[in-house]
Structure formats: structure tokens, C-alpha cells
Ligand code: HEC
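Starting off, we have a lone chain in the form predicted alone, written out as C-alpha cells.
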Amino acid sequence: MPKRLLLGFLAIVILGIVGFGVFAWRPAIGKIAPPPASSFSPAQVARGEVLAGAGYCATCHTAKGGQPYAGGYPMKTSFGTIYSTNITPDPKTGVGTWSEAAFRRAMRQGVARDGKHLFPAFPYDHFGKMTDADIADLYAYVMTRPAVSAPAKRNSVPFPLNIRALQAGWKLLFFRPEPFKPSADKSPEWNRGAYLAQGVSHCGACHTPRNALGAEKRDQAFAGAAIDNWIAPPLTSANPSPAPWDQAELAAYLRTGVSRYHGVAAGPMSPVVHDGLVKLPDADIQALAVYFADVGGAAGRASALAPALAKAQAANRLNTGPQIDAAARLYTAACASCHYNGAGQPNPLRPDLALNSAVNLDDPTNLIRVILHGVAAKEGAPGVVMPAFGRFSDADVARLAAYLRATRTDKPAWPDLEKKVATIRAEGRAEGKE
């Protein structure tokens, strides 16, 4: 390459780097003295507590066994592990020196007080839809928590992806900051549910698939996704449960973690219900139910309920007499006594597996995890335990899953089940489940 062309190319590269640096730069916002708790009204703090629950702030900003909101919770991504930060008002390791303006910018734009871009593991693409008043209330709640000294843990995101300035490029491609816009043709209750779901509760962060760069696929909103070694089912009409998720079912599940036709909240959904949404008033739970019933097309699927119940009752009768098939004997001995439902409506505390999402999903992950690790008393229905069957061999767990898939659904068989069980068992050991 001639020297002049090489110099020209280098000049273009340098100008590009400088230009991107200017584009990516964000100014720091000055530090403040930590505001005294008395500077916020009790009513404002109370409203902020509700919003913190709705946004699962404690769930994501509290490490296992750690102090509330002190950070250190690991979020595993395809790019490495990102640890949540300390959002207590500690002036050195937390957000004690953050002004409300700095807090608002982080929520709306994903930029920290010092001007560094935040990784989108912090769902600012959802929080940006919140109103100024709600952000102010949340700030009041955060700033009145006990201050905890907890230095940030080092992320394992490799170079060059760990360069914060590169997040400006990610934002340019995928981030469209805009406030929530109510739909004029929808009811106030629907709009309230949409505001919560799309904004502070960021439901799409778990239930929407992501592209290769970790951005939500907006054209597949709520279409289901893998999250924390579980599968977050679709919330759209693509949800495979034979019984439709109507408003009543959604409201019961979001309020109590128990649904008559769909089972109980387990895995990552359990803290959403029991630690987060529990803070919301019933009116907001109903609003979320109205919104997601519409997203899932519940009205158009209402006629599917009666046939689904009839098929489930017929499937239950398969395990009421002597069994010859080895898989049927295993299910009858280990599962049928709790999961049997006779004629009439299913008992919500004995989930009917013919109606359950886990048995009907294209991926057997959720079913296998529940068989291996059970459901603890603090997860699903309060005080009700499903025992773990981790003592079963991989072959027996695979046999159970295959049997349920074949007898409780009309879906194709899951492939390579025994290998899948072994993988999920290994994940459980890494999580301290066994």
C-alpha cells in the first residue's frame, strides 16, 4: 500500500476513534452530601417501596446471604457474568452521593453518576418509561435504606466488551429512549398494566428473546426466552398451555403464585411474585392481568378450556389401575398421589400436569428442573412443598418426562432427554441445589 494511502487510512481510523469517543462521552454529575432520610416524606418513601417491589430491585441487587440492596448478585450472560451494584446510600461504595438528577439519568439513559455507560443487564430500556414522579419516589426509597459498605465485584466480561464506552454503540443500535405512551383505544386499567409491564416491572427482560448482541427482539415481545437456566414461557397466544391464561388466572398467579390450571411460581418467577409483586396493590395486579390477558389473546381462546379439562381428566384415569409399563409404574408410584385430579375442577395445590406449561413447552428444562430439585415451601404455594427427586437416576427422570409428554400432551417427543437431564443436574450442582 502506498505510503499516502496508508497515512490516509490511519487518519480516518484515528478520526473515527476520536469521533466515537466524543459521541460516547457523557459528563459526570457532581456529588452531593447523602440526603438525610428526613428530607423525604413518609408517603413518598412508601410509594417508592411499592415501586422497588414492582421492579424487583431487592432481587437483583442482593447477593445470596448478603445485605439488602448491597449488590453482588451474579447475572450470567453470553458475554460473561455481570454483578449488580450497591444501591444503598453508602457514600463510598453505594449511591449516597448521587443526586436525584444522577439517579434519573441512570434510570432513563443507562449512564452512571460518573458518566460511565451501564451494561444493559440493568434494564434502563424499560425503566426509561417511568414517570418523573415515580423515579423520584423510587429515589426517596433507595436513599432511605440502611447504608452498607460493599465494594463492587469485578465482572467477568472479557476485553474489549468490558469497555464501557462501547455501550454507546449498543445504545445507538438498539436503545430508543422514550416515555410510556398510553393507548387511546385501551382502558385506563389496560394502560396501567402496560405501564407496569413495559416499565418498572420490565417483564420483557425475561420473557422476550434476545439477539446475538443481547438486545431484546422487539418484534417478538413476550414470545418466551431462556433465563437463569429456566425457560420463561411465552406470554402471547403462543403460550402452549392447553388452558388459556385468562384475566382471573393471571390475577391469581401474580397475587399468590398459584394458578388453578397452570401450577405454581417456581424458579426465577418465584421471587417476582413473592418478593416483588407482593408489594403492589390489588388494583395494579388486576391491571397487569388485564394487560397480559389481552397480550395472550385470552378472549379468543376461552372455548379451549372445557376440552382441555376433559382431556386432562381422561389422562388422569391412565394411572388409577394396575400398571404394566415401567414408566407408568414410576409415575404412579412417585407422582400420581399428589398430581391426581378427579372429576370437576383441578385442585390448584395439586397441579394437573396435562394443563401445565412445563409439560407442554418445546423445551423440557422447566419440567426436569422441578423433578430434580422440587419446589420449596417459600417458592410456590406458601407452605406447600413438592419434594425433589434428585435421587432418581438420569434415566428415570428422562423416563418420567417422556411419559408425561406422551400421555399428557399431543406434542412431539423431546429428543435426547437423558443427556438433557445430566446437563440440568450439573447446573443444579453448580447452583448448590445438590
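Heads up: residue numbers just count along the shown sequence, starting at 1. It should be emphasised that the depicted structure is a prediction, and the values quoted were computed from it without experimental measurement.
From this point on, the text means the form predicted in complex with the named molecule, which you will not see here.
- The partner is not drawn, yet in the predicted complex one stretch among 170 to 178, 308 to 316, 295 to 303, 206 to 214 has residues with heavy atoms inside 4.5 Å of the named molecule: 206 to 214.
- Asn366 belongs to the set of residues with a heavy atom inside 4.5 Å of the named molecule in the predicted complex.
- Although the partner is absent from this view, Pro36 stays clear of the named molecule in the predicted complex, with no non-hydrogen atom inside 4.5 angstroms.
- Shown alone here, Pro233 lies within 4.5 Å of the named molecule in the predicted complex, counting heavy atoms only.
- Contact annotation for Pro89: none of its heavy atoms lies within 4.5 Å of the named molecule in the predicted complex.
- Within 4.5 Å of the named molecule in the predicted complex, a heavy atom is found for none of Gln109, Tyr195 and Arg218.
- Proximity to the named molecule in the predicted complex, defined as a heavy atom within 4.5 Å, holds among Ala398, Ile29, Leu404, Ala70 only for Leu404.
- When you look in the predicted complex, the only residue of Ala287, Val264, Ala150, Ala140 with a non-hydrogen atom within 4.5 Å of the named molecule is Val264.
- For the stretch 242 to 278, the set of residues having any non-hydrogen atom within 4.5 angstroms of the named molecule in the predicted complex comprises Trp245, Leu250, Tyr253, Leu254, His262, Gly263, Val264, Ala265, Ala266, Pro268, Met269, Val272, Leu277, in sequence order.
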